[in-house]
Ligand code: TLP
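Let's start with one chain on its own, the form predicted alone, as structure tokens.
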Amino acid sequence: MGSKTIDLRSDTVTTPTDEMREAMKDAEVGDDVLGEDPTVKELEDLSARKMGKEAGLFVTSGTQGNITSLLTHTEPGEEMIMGKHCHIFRYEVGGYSSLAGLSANTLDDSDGYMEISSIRNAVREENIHHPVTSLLCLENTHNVAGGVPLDIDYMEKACEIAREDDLNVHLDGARIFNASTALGIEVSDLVEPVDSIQFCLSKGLSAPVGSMLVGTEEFIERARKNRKRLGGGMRQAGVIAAPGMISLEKMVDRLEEDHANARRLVEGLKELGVDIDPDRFKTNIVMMDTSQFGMKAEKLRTKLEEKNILTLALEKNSMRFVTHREITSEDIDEVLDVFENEIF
């Protein structure tokens, strides 16, 4: 195997393109807290239009976008409904509780979907002993389930249930463009039923930093103050907003390449005898149970790292591979060769 490191840990490891670096250098800037950065404003407007919403807000990360949305939709002491495997619950340091003062009613979402009937049953009835249920959170694509894209029918049904009980709906759409690409649906149609969406520029879209939060003008106006409360007010932020413009204009259409490489990986593993279902993985994330090799995920991760292949051991027996712009089909073939000759 060559000396190149094949980094399949995440699509966050992508480096900015030369065009992005040039855009950063040449970006027109101003003080964003004062509303004077033209590049940030352009990015916010473009993001809102792409999602079919009224307004957008540039935030430093997906986590900041999500907690800003929770703060804006809810009051301390209320309760939100979300999946027990979703990113907000598992990977955002409990901010929904410590920062927003919310409790969480978590439902099974092992396959990426919370049952519609379970969502309906999770809404609290009025009772002096109960917190008020005020928010439903969805995740699309669903990371831990293996990049599962939630289809438009499910999105509409889940939001309809929320509306029946006057709940707002926030979508953690960190990889929403992967979902729309896999489903062959315009992203604005896919997110039309939800009240707010956070999506990442710094994952498959290859920007070096940043995420977007979009919703109504009134929602974004309040969210802007909550972003400031979280320390997210930025000054000449156009230098990091500029590559985000390129992400939205030039990096969405190529996501199918990442999906094709993920399919190449999972189908190749299956051909080698790995117990893995190719039909399960439809975007750029592949999850694998390592117990079939008689080793924990961390041990397999170490063995692969010795061969210059980087992966993530998410749980004791769960390994994640994520394809992105800097992974080629030849890289996938190298990974499969290592599995065939070193792991089996």
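One-based numbering along the sequence shown. Bear in mind the structure is a predicted one, so any value in this text is a computation, not a measurement.
What comes next is about the form predicted together with the ligand, which is not displayed.
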Mind checking whether each of K53, V191 and T216 has a heavy atom within 4.5 Å of the ligand in the predicted bound form? no
In the predicted bound form, which of the listed residues (A207, M212, L265, A174) lies with a heavy atom within 4.5 Å of the ligand? A174
Looking at 290 to 298, 27 to 35, 41 to 49, 63 to 71, which one sits within 4.5 Å of the ligand in the predicted bound form if you count heavy atoms only? 63 to 71
Touches the ligand in the predicted bound form: T12 (any heavy atom, 4.5 Å): yes
Can you tell me if Q198 lies within 4.5 angstroms of the ligand in the predicted bound form, counting non-hydrogen atoms only? yes
Non-hydrogen atom contact H324 with the ligand in the predicted bound form at 4.5 angstroms: no
Although the ligand is absent from this view, report whether N143 comes within 4.5 Å of it in the predicted bound form, heavy atoms only. yes
Residues in 92 to 120 that come within 4.5 Å of the ligand in the predicted bound form by at least one heavy atom, in order, are E92
